[in-house]
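In structure tokens, the next block holds one chain alone, the form predicted alone.
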Amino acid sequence: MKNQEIARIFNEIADRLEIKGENLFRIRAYRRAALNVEGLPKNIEDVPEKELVKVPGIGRDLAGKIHEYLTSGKIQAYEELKNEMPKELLTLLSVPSLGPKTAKLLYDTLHVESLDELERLASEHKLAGLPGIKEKTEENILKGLATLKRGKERRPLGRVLPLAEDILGYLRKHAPVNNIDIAGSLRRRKDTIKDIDLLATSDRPAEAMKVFTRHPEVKEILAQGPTKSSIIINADLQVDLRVVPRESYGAALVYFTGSKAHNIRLREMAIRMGMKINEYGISRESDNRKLGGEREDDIYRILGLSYIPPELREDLGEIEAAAEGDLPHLVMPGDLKGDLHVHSKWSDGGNTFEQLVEAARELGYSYIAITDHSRGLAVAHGLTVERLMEQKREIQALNKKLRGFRILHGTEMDIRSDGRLDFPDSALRELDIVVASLHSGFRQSVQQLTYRMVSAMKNPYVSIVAHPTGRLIGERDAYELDMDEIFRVAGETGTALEINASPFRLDLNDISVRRAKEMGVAIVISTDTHATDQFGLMDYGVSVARRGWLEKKDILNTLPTDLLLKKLKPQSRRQAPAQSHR
């Protein structure tokens, strides 16, 4: 939980520095550090101070600030910044699409101090006419406020899951529980979560509840009973713990995992078969005889269904498929052979090729693709054609030394605002893999955005389109695209679409993934790694794939190296006329 606290503080420091108009690189350093601290797969409290500087983006200065916070609960530089400007100004800056200059303008000229006031003024068109503010700006502010509200109601999976696992580990260590699991939408791995549901069995439930309500992160106790308690933790998130009898644990896990629509369908099936289902078990209606409930599988087996994995329990055809024995054999994390979207120190990553290879090998991978940014993304130290070719030579030399592992050389290349690509075909044909993506012009029309994507996919050297809809969960909505057209062209050209496993993107989402599968589109799951610890985010992408009904065969990077390269080679794809990229 300290990881998220420190990440929040670093982001707030960046916000305040941005308002002050400080050095852009200093601001980005804080944001990058926040991202990497939050993405650490271990508790930052367990990392010695001298080891902190090995975390990408954390130099001596930031390592010292982290140590200061962990030992004193404060960062003096942050406290000083807080005193320099009103908190209301920072509140305005929390609105997606509202930049620091506009926020300061609204605060200084109209004395806007709250989000409610901002919403009222934008709705009444009282902002247009100020320098740089037009009707379209007001529209974007209202959209940003709506996004912000949704973000407060539901948190990204990547923020909630680590908190839940931390509490789970604490209870397993300190509370007298036998079985304990995460339930609810978090177990189904929805991309946003409202609260945390935990389910347990215990021979001493009252004692387990005492341990739960005394967790170090408890901010408020909402309720404490012998079998159910609710708390608010410091992250302002509600956590519920229920203790049920061991003989009912499976039925309760089905019931409290949901979804509501899935459970309703199960109950309707049971009624037609002369049975009833609740959180205590499955019983015969005629004599109330209990037929099962200790294991989850009891419920599905007695109803004549195959076991349905939690990720599929959304009443989107899974019950019909389970009745026919036709559920997909969902992809597993261990099926992946490599990561096809990885950044190194050559652009905005934090690691050398050797460090990335070592980390990937520890995960059992056979390959990674180095896809540093292209020249158009100067903010990320994008590569020129000359540096790209220099990088190629270095990768070739390293590959000669590697055994049982291969670095694929690629790029994450910008799709420009007019649809042209950032590198000419003469450079792209030299690469093993080409990842194309949008990093600007998100507010263009649906026609122009779709045209840009389609233009990129029609280039015979583009292998993959990364984070296709551009969403940042709780911060930026997906930009408007004609997704059916995207899927159609992707299928025709053999261009794969990415599930970006960053828990703050999860892009494509599960609904789009399933639609893409139906339209014959190849999928890859990649982490967009900027630091070796972020390889561990792959499981989030796998969860999206599973929710989208994907099997191992649907995902390109489950293939061994040679087969993958055949799939990615331009010669193996339907050729389309090369676009003009000069």
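Values in this document were obtained by computation on a predicted structure and should not be read as measured data. Residue numbers run from 1 along the displayed sequence.
The form predicted together with a small molecule exists for this protein as well; it is not shown, and the discussion that follows is about that form.
Taking non-hydrogen atoms only, R154 approaches the small molecule to within 4.5 angstroms in the model of the complex. At a distance threshold of 4.5 angstroms between non-hydrogen atoms, R488 is out of contact with the small molecule in the model of the complex. Put simply, G184 is close to the small molecule in the model of the complex: some heavy atom of it is within 4.5 Å. Using a 4.5 angstroms limit between non-hydrogen atoms, G258 touches the small molecule in the model of the complex. With the partner omitted here, the residue from E318, D414, D432, D197 that has a non-hydrogen atom within 4.5 angstroms of the small molecule in the model of the complex is D197. Checked against the small molecule in the model of the complex, the candidates I75, I193, V244, L388 yield a single residue with a heavy atom inside 4.5 Å, and that residue is I193.
Screening 224 to 232, 130 to 138, 184 to 192, 284 to 292 for residues having heavy atoms within 4.5 Å of the small molecule in the model of the complex returns a single hit, 184 to 192.
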